[in-house]
Every structure is written in C-alpha cells, then in structure tokens.
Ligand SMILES: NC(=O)c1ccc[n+]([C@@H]2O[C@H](COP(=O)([O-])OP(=O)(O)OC[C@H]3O[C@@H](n4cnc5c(N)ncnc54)[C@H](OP(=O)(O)O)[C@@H]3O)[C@@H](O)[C@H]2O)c1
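Only one chain is given next, in structure tokens, and it is the form predicted alone.
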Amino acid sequence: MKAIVYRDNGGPDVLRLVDRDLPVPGPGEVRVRVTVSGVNPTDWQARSGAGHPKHFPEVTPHLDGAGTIDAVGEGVEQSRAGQRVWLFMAAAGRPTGTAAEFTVVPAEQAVPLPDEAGFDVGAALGVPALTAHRALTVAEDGPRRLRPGALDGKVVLAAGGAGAVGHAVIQLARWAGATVISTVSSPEKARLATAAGAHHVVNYREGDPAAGIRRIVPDGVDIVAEVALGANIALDLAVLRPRGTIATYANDGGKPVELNVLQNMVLNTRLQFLVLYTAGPEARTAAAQDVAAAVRDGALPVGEEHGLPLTRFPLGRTADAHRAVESGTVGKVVVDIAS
C-alpha cells in the first residue's frame, strides 16, 4: 500500500510517500481502507515536534479520516466488515494515522458513517467536532451531553467561526438548541459563519464588538468557545454572564494571557482549558456518540455552501496539505487517498 511517513521531526519536507506492507488488525482492531484523510493543526505540530514528543521510529500522520472497514481483528463483529466509518485519534499513541491507503485503529475509534453522509463529512469530524463538543459540555450550568434541546435558552459565542472547530461549534450548538453568535475578522468569514448556521455574526475588527454582542444578548453569553485566548480574553469577559464559561482549545497568535483576578472572581468565571489527548476516554466516547447522532440528523454538513470550504490534495502532495494548514488556509484541508 502507499503511505506517507516521516522518520524525523521537521518541516513538511520530512514527509515521504512510500510503499508499506498491508497492516493486519489485532484483537479489538479494524483495518480501514481510507478514502479521505483530514488534516488538523495538531498533525503538523506533531510532525514538527512542537509539544508532541515522537515515540516511534516511523510515523504515518493524521488523526482523522473516513473510509470503509475491510478487515476486523479478533473480538470484533465480522458484520463490521464493509461498514463506512469516520475515524478519530487514529495516530494518537500509535504510529499509523490516516495518511495511507489503509490504517488500523481500535474498533471504537471507527464510528459508523451514515450512507447519506459523504466521506468528506467523515474526514472533517474527528478533532474539530470532538473538540467543539467538549467546549460545549464543560459549563457549570450546562449539559454534559448534547442532543436537540440540550442547550435551549443558552447563548454560545463561537470565536473564529470560519475555522474548522469554530464551524463545528456553530453547527453542534445550533443542533442542541443554542442561540449562536460568532466573531470573525472579515466579511468573507462572516459569510462562512452565517452559512454554518450562526444566528449573529460580529466582526471584531469593526467598531465595539463587545457592545455589539451585548446589544444582541444583554444578559451575556453562557459559553465562549475560544481559539485565541490571549487576544480575546478582554472581549470574552466583557460579554460573559455571571457563572459563564470560557472553554479555550487554542491560543492562536500566541499572545500571553493576562487575567484580572477580581473581575473573574466577581463573574465566577469558569476558565476551561481543553485538549482531546488528556480529556479522558469517557469524555471522548460521549463526544463521539453525540457527534454521530448529529451526523445522523444531518447537522454537520461541509463544503463552502455550509460554511466550511474544502481544500484538497492527493496523497502524494500531503506535504503541501501541511503547508496549507500551517499558512492558515480557511476551512478544512483534506487529502484524497482513494483514486
């Protein structure tokens, strides 16, 4: 089979297209013929060695993807062979991610993909959707699981609604019944956030964004799903309601975070940092189940018309796919595996 590998950390040029033996699923595992592989910032960060120690002599990257189970290991129901699935955390603690024609994962990390959902949808779930679910389920006054109605009466602020996680936050929050506001940096990104389903969009580079949000929701925001905490903390606190939650999954731009302790004490702010690797198996399992339900309801479509443009590369140009993600390409970058 064809696979992308790297043996040393470094820039995109360390990625190589090679031939490898077909992997064999072990007990509790399934082998998946990958159709589309999703690329996330964490994939290039792991490749570069930024905060992700390399544990294997050779690594096939990418956590997310979608395809069809073609073989099962001992202890897995034979009926799963032939099942369309989406994958999450494929390369977490393992050397074999989805940037290959075939990959092997624990059976529970291959989630059934409904026939009406394309492989592009499946490849865009994983890290973005599970992260979004986590951000929406950590509030003191909020639900621990998502379903239609779970966020009725709640207001969610999706920072960076044109990004992959922000897009998933908008879609999952809408599906669960929240009023969704998104902050963006341009009219084009405003168009994408609106297409994703945001009820209100605020350009934070124009006028007074905090006043604009307060006009929409005078009582404040219940949950902020934050992508750039250092840059946005002042805005977040200006619009947060008492006992509200700021769930931060990144600090784009790298600006240091400065906290006004008294302000946060008065608000009873919950500041939740999150990353999937250490969220724990129970949280990841719950997220996968709820995201699967949202997919069955048709709540997580992708494509520019749904607010998430797709930028595609063939397997042999996976290095270019990494460059695209590193350079901040808007939307979702995917690698087409199957011809």
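One rule holds for the numbers: they count along the sequence shown, beginning at 1. The structure presented is a predicted model; accordingly, all values stated were derived computationally and were not measured.
Here the subject shifts to the form predicted together with this ligand, a form of this protein not shown in this document.
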This ligand in the model of the complex: contacted by all of G38, F119 and P301, heavy atom 4.5 Å: no
Stretch in contact in the model of the complex with this ligand, which is absent here, among 79 to 87, 226 to 234, 141 to 149, 263 to 271 (heavy atoms within 4.5 Å): 226 to 234
Any non-hydrogen atom of Q109 within 4.5 angstroms of this ligand in the model of the complex: no
Close approach of T96 to this ligand in the model of the complex, 4.5 Å, heavy atom: no
Close approach of K154 to this ligand in the model of the complex, 4.5 Å, heavy atom: no
T183 within 4.5 Å of this ligand in the model of the complex, heavy atoms: yes
Listed residue that, although this ligand is not shown, lies within 4.5 Å of it in the model of the complex (heavy atoms), from A100, A123, A198, A162: A162
Contacts with this ligand in the model of the complex - residues in 275 to 294 whose heavy atoms fall within 4.5 Å: V275, L276
